[in-house]
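There is one chain below, alone, in structure tokens, taken in the form predicted on its own.
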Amino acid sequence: MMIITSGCGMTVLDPEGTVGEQQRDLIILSITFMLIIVLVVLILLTYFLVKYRERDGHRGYDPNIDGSVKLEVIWTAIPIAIVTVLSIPTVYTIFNIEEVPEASTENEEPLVVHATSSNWMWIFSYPEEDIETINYLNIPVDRPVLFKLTSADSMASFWVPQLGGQRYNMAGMETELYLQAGTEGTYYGRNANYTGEGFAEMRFDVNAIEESAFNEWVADVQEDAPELTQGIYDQFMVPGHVDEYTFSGTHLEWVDHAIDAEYAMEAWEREGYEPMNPHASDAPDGVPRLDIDVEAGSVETEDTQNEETPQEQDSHHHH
């Protein structure tokens, strides 16, 4: 199976953080245990096929056998034992990854990041640092990160395969997820829940950097990045693809989508956007790419068909 699926990448089995490592170990344990069960079943099947095959001199067997207490106990006890053996490490891992990962840095407090999904982009708010990014985020390596997940519109699923499993983003509520990067690098993240025609390109990068570099980046953003206003933020509520953006300030100053599930639709009205059935005869082809001018507060819409996606570009353009 691993050879057949090798073209799909094996990043889940190549984690770079404590949460991902625990989930990797549980996956390998489960697969190994199930392979042993399959092997035993195939061996027994082969044995019985050979032993009771039709042949000369075969005495046959009586199919009307019932009332064997010994057999009933065996085929009841074996499934119970299998479920029990698989449940113990599964429950232990599930509860363990809900706890704060152990930090190996001076700053042991988790970095809090609000990850908000919107069709079809990701919005990352750092409330304690008072900064916000679109479609990428920087985190300090070896420090736990507490993601507070919600959605502005459709239900999405936040997933960074090399750092840990996915968790859902839903409007009007908030879920939490702890992750930690154990090695510097850029990790691929995406929406793992289908949300329409722009779903495939709803991706982001997680850049794990040294704590000192992270602090310098935060200071630079606070000083140099354009300030996020409600007028600019409303433009990001319009469905479409965008490049990466960086702002000082966060949208949490005027809306928390975990509490206000209607904000995006209200923003559509303010922006003059009217949702259309994508299958309608007059529906536009493809998902629009929005070029938002954060200085002028205007937005241009481009046809993105056959265009290169941000992740496919060699360099990232940070507005």
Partner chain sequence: MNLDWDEFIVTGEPFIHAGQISILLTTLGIIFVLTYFKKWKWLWKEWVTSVDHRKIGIMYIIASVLMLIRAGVDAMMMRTQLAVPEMPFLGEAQHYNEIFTTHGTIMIIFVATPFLIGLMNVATPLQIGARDVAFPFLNNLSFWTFFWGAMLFNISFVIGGAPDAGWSAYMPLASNDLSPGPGQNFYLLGLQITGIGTLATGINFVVTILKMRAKGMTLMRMPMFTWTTLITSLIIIGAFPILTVALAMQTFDRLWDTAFFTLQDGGMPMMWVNLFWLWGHPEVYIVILPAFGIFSEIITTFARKRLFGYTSMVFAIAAISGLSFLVWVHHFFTMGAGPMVNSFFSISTMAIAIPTGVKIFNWLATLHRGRIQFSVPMVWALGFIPNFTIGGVTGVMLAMAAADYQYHNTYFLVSHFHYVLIAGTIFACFAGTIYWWPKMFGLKLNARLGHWMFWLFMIGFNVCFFPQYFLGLDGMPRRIYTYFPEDGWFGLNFISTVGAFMMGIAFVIFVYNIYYSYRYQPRETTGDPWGGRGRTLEWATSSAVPPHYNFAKIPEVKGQDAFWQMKQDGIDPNEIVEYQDIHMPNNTGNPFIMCVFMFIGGFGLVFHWWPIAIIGAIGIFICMIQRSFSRDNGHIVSAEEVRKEEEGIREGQAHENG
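Numbering follows the first chain given and starts at 1. Between two forms, the rigid core is defined as the largest C-alpha subset superposing within 1.5 Å. Small disclaimer: the values here were computed from a predicted structure and weren't measured.
As for the form predicted in complex with its partner chain, it is not shown, yet the points below apply to it.
The partner is not drawn, yet in the model of the complex one stretch among 123 to 131, 138 to 146, 168 to 176, 204 to 212 has residues with heavy atoms inside 4.5 Å of its partner chain: 168 to 176. Proximity to its partner chain in the model of the complex, defined as a heavy atom within 4.5 Å, singles out one entry of Ile292, Ala267, Ala258, Leu26, which is Leu26. Although the partner is absent here, Trp217 lies well away from its partner chain in the model of the complex, with no heavy atom inside 4.5 Å.
In the model of the complex, at least one heavy atom of Met155 sits within 4.5 Å of its partner chain. Taking non-hydrogen atoms only, Glu197 approaches its partner chain to within 4.5 angstroms in the model of the complex. In the model of the complex, its partner chain sits within 4.5 Å of a heavy atom belonging to Ile94. Residues of 258 to 285 placing a heavy atom within 4.5 Å of its partner chain in the model of the complex, in sequence order: Ala261, Glu262, Met265, Trp268, Pro275, Met276, Asn277, Pro278, His279, Ala280, Ser281, Asp285. In the core-superposed comparison between this form and the one not shown, the C-alpha atom of Asp282 has shifted by at least 2 angstroms.
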